[in-house]
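Okay, so here's just one chain, in C-alpha cells, the form predicted on its own.
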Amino acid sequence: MESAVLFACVGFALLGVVVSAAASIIPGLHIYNVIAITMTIVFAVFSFFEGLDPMYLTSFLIGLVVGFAMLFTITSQFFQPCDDESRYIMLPHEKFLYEGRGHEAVILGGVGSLVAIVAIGIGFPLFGSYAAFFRDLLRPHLYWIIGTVIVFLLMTEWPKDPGTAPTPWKRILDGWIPIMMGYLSFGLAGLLGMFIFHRTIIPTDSTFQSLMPVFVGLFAIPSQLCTLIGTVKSPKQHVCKSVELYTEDVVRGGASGLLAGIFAGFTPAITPGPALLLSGHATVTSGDRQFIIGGGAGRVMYYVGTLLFFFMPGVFLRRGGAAINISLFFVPETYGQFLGITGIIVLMGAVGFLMIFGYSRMAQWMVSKVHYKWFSLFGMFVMVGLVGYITGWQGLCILTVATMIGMIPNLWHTRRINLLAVLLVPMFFNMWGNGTDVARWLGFL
C-alpha cells in the first residue's frame, strides 16, 4: 500500500471515528444502522465513489466500527439508567452508576477495550494463519455448538423475585413467572427469526438491512420506552482521578473478553452477550471490575476482530454487517492490505481510548443539562424514522411485532439475552439441515 494512500486511509478512518462518536450519543442507534445510512448514500451517488480507491470507504467504515465499539456504551450508561424495580438484577456498570461511579466504570471498560486492541494488533498478524484451521475445524460442528449455547441459556434462567410473598404457593408462583416469561420471549423471538430468515416481507431493495427492524424492535425501542416510563433519578457522578485496578483483574477480565469475542467471531449467531456469559464461566471471572473489563474487551474483539477476519489472507470470514457491506465494493487481495488495515485499527483504537476520558465527561455534562429521558425520546424517533425510511412500512410492521416481544423481558424482569433466539434458532435449524422443513411446518414457506 502506497504511503499517500495509507495516509488518506488514516484520514478517512479518523473521520469514521468522529462520526461514530456523534452517532453514539443517540441511545439505541447501532453502528450497523449508521453503516446502512452510509451505504444508502453510496448507492445514491455511486458515480462519485466509483472513481475513488475502495480502501478509502473501507477505512471510513473501519473507523466507524472501532469508534463505536469503544464509545457506544458510554452514553447508554448515563442516558438509560435502569428502573428501581430492576436494581436487584442490574449489571455491574449499572451498580457503579447508582453509586456515582459511572466514570470509573467507563474507564474500566476502556481498559478492556485497549486489551483487545493490543491483542488484535499483535496476535492477528502473528497467529492469523491458524484462523483458517479453526474455521475449517469448527464448520462441521457449528450446529451442535449453537444448540449447546441455546440449552445453556435456557438452563441458566433463574428466579428474579426476592421471595418475600406471604405464602409458599405465592412464592413459587413469583419465582416461576419470570422464568416462564423468559422461555416465552425466547420462543417468540425464535419464531420471529424463522419468519425473517425464510419469509421476510422487507422490500427486495432493502434486504441487506432485513434484520434492522428486528433488532431495533427487540432491543432499542423497549429500552427507550422503559427509560421514558421510569421514575428513577440518576445520581450525581464523581469524576475520579484514579481507578482501583489490579493486574489479576486485567488478566482475567481481558482473557474472558478475548475468548468471548473470538468464540463469537467464529460461531454464527453468537453475539458478545451469550459469548461473555459462557467465557465468564470458562475463565472463572469474579467481581464487578473483571466483568466490566471483560465486556469492553469482548465488544471490541467481536466487532473489530471479527471484521479483521474478512481481510485476513486465506480466511476471508465475512461476519457482521460491516464485513457484509464492505464486501459489496471491496475484496481484499494482498497481505500488505491486511497489515495496513491492522495498523489502521490499532491507531484508531488508540485514538478511541484517548477519547473515552473526555467522552465520558461530556456525557455526564449533557445529562446534567438535559434530562436523560429526552435523549431516549429523540433516539426512539430517530430509530423509527430510519426503519421506515430504509425498510418501508413492512419494516415498521416487523418493528411493531419485535417491540412487543422485546418488552416482555423488561416488564417481567427476565434476561434480554433470551431475545437472541431470533438468530440462534433459525441458524441452529439451518446449519442442522432442517431449517426449510421446520419453516414449512410452521407455515412460513
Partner chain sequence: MSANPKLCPSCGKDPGTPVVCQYCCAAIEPHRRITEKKLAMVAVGVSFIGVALLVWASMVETPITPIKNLASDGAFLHYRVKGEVIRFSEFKTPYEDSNIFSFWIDDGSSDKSDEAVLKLKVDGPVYADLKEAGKVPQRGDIVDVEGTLYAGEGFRLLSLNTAAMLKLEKKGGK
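Residue numbers count along the first chain shown, from 1. Here the structure is a predicted model, which is why all the values come from computation and not from measurement.
What comes next is about the form predicted in complex with its partner chain, which does not appear here.
Novice: Using a 4.5 Å heavy atom cut-off, indicate which stretch of 152-160, 210-218, 279-287, 342-350 touches its partner chain in the predicted bound form.
Specialist: Going through the listed ranges, the match is 342-350.
Novice: May I ask whether 3, 334 and 361 all come within 4.5 angstroms of its partner chain in the predicted bound form, judged by heavy atoms?
Specialist: Yes, because 3, 334 and 361 each have a heavy atom that approaches its partner chain to within 4.5 Å in the predicted bound form.
Novice: From the list 365, 130, 176, 357, which entry has a heavy atom within 4.5 Å of its partner chain in the predicted bound form?
Specialist: Of 365, 130, 176, 357, the residue with a heavy atom within 4.5 Å of its partner chain in the predicted bound form is 357.
Novice: Using heavy atoms only and a 4.5 Å cut-off, determine which of 91, 245, 317, 191 is in contact with its partner chain in the predicted bound form.
Specialist: Looking at the other structure, the residue within range turns out to be 245.
Novice: Can you tell me whether residue 371 touches its partner chain? I mean in the predicted bound form, with a 4.5 angstroms heavy atom cut-off.
Specialist: No - in the predicted bound form, heavy atoms of residue 371 and its partner chain never come within 4.5 Å of each other.
Novice: Answer yes if any heavy atom of residue 99 is within 4.5 Å of a heavy atom of its partner chain in the predicted bound form; otherwise answer no.
Specialist: So residue 99 counts as contacting its partner chain.
Novice: Considering non-hydrogen atoms and a 4.5 Å limit, does its partner chain approach residue 141 in the predicted bound form?
Specialist: Residue 141 lies outside the contact set for its partner chain.
Novice: Heavy atoms within 4.5 Å of its partner chain in the predicted bound form: does residue 240 have any?
Specialist: Close contact exists here: in the predicted bound form, residue 240 approaches its partner chain to within 4.5 Å, heavy atoms only.
Novice: For 399-428: residues with a non-hydrogen atom within 4.5 angstroms of its partner chain in the predicted bound form?
Specialist: Stretch hits: zero.
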